[in-house]
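So this first bit is one chain, no partners, the form predicted on its own, shown in structure tokens.
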């Protein structure tokens, strides 16, 4: 599933051709993705100006001139392409913008979705934690959020109410950089542990965004280019390969249904 750096990369690719422009025409090639679009989806989007395109956690958020907000989630295999050369089988949504560009959403597995939220209406983003790169995330904030928790730190960091947008790949990488075992009890991290962890969470997310995200399976940017941060993975997907620091074989375990990769020697 595309994580925060991948979504940020896609948002940055779409902004020049969508932000500040009108949805001249909206075409839906099916009635639903993960969830139904709703009978009024086209009428509420078509003719509106996209005032601002932003990202919150793993969502892109388009603020429309009507006051509605359009949330877009890529799911497992969703991708946006600008002015594709030909129609593809799983092209489900087409936005024709006043910029002269055609923005196409393709989703083979259809786990992605688009959702319109009216002004003042509650949304699924209301209870998310701080953004990893924001000033709102600090060691004291993280330590307070983890206080009294008995679950493992890997599981805690995947809780979007604690930090918004972190996913499996970047949690594994951040824990490795901080030399913290994913099996540590989250509520027992020291002040020094949380200071190191927050610093490395911010660093690994920043590094991944600079690299255009990680291309695993379906992910590609809006121009079809692949991200390349996967070539910098220290632990993720490297089971039985040598640790870059101590050459101990990278170990894989399953936590809350997800694969966790770490070095037993370096991470304590």
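Since the model is a prediction, treat every value here as computed from it, not as a measurement. Residue numbers count along the first chain shown, from 1.
From this point on, the text means the form predicted together with the DNA, which you will not see here.
Partner proximity in the predicted bound form, defined as non-hydrogen atoms within 4.5 angstroms of the DNA, places exactly one of 79-87, 194-202, 110-118, 174-182 at the interface: 110-118. Contact annotation for residue 124: at least one heavy atom lies within 4.5 Å of the DNA in the predicted bound form. At a distance threshold of 4.5 angstroms between non-hydrogen atoms, residue 256 is in contact with the DNA in the predicted bound form. Though the partner is left out of this view, residue 151 does reach within 4.5 Å of the DNA in the predicted bound form, counting heavy atoms only. Although the partner is absent here, residue 106 lies well away from the DNA in the predicted bound form, with no heavy atom inside 4.5 Å.
Against the DNA in the predicted bound form, the set 8, 208 and 212 makes no contact: no member has a heavy atom within 4.5 Å. Contact with the DNA in the predicted bound form, judged by any heavy atom within 4.5 Å, is made by just one of 142, 169, 72, 189: 169.
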